[in-house]
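Have a look below at one chain only, the form predicted alone, in structure tokens format.
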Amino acid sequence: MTGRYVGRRLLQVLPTVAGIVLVGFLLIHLAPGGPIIALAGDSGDEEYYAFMTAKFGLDRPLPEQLATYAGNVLRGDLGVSYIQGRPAIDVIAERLPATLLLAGTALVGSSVAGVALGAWAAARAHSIRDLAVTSAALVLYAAPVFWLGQLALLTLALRTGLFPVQGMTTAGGPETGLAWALDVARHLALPALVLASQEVAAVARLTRAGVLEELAADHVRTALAKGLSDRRVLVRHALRRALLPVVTVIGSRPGHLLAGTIVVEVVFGWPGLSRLLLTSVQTRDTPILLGIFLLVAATVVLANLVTDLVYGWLDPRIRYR
């Protein structure tokens, strides 16, 4: 893998994100309705509506609005929230850390657990533990996230009291230090587990299939014939080669996880972007909607870039030019 390839891929990120933002801008602005009624109420007169439309530049031609917005984005300005009257980037930044914590924990946890469970099941194919892992993965993958969230809330939070019901921290609890971190971790555990459930199932099933295929390959039989231990053969010779398709799946999940946090955050009262997104959709707060859209688009594009780079590390035979 060369530095020239990495530089070229980074240059491709900008036009890709720009194209996605263009599509999002057009979809939002061409959709029926608008933010003026939400801003001015339904009891104003035409003169007041015209004033509010001009105030936010919504009376200008759509190409002019697009050019203005694109220029502002290049300067790091996402505009001002119609509803809150504050810079959209500040409003999003207040909620973003909580969402990134939830989605990042779910992504890392599901990736590690899924690979470990898939390899563990494949090591004893068609055994009781293999049947248990594949059956559990099938059930989790088929179960809707909102249903799992409600079930976990009723059983693990309300009935047993093992986990908090709502929020990110305990009201009146510590605000800094180790005690605060442990409090956040306790609140994070259940929503992250629910969000990661389907990801664990998908990664485990794919890992199991890949490892089984590699265990039947000639190079694995040769390694066993040389006297290498079963664990070494599984990890060094079978699992590493089986991870390429798994990395592809994991690399495509950040955008899906960010979307999934909307449901999980609502169920568990997690103070992330979900409530802000739902409110912005209802009020057509375009700067907030486009800011979140840009964030998700950039996350997906960068995740694909990282996936390509991980390919070269997992399989040195892969060379990018």
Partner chain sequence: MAGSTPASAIADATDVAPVGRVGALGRAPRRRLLRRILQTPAGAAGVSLTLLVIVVGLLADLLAPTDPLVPAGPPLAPPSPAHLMGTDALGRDLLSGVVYGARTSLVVVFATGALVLLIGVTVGTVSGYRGGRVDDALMRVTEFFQVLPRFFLAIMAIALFGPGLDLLVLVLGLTSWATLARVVRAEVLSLSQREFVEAARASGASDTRIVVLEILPNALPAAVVYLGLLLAQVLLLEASLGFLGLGDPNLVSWGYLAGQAQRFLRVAWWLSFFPGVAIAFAVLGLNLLGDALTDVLGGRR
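C-alpha atoms forming the largest set that superposes within 1.5 Å between two forms make up the rigid core. Residue numbers count along the first chain shown, from 1. All of these numbers come straight from a predicted model, not from anything done at the bench.
Same protein, other form: the form predicted in complex with the partner chain, not shown, and the subject of what follows.
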Would the partner chain in the predicted bound form be within 4.5 angstroms of a non-hydrogen atom of every residue among Q65, L78 and I89?
no
Although the partner chain is absent from this view, report whether G255 comes within 4.5 Å of it in the predicted bound form, heavy atoms only.
yes
Using a 4.5 angstroms cut-off on non-hydrogen atoms, would L131 count as touching the partner chain in the predicted bound form?
no
V306: heavy atom within 4.5 Å of the partner chain in the predicted bound form?
no
So in the predicted bound form, does any heavy atom of L278 sit within 4.5 Å of the partner chain?
yes
Using a 4.5 Å heavy atom cutoff, which residues in 206-235 contact the partner chain in the predicted bound form? It's fine if the answer is none.
L212, E213, L215, A216, V220, L224, D230, V233, L234
After a core superposition, would you say A303 shifts its C-alpha by at least 2 Å between the shown form and the other one?
no
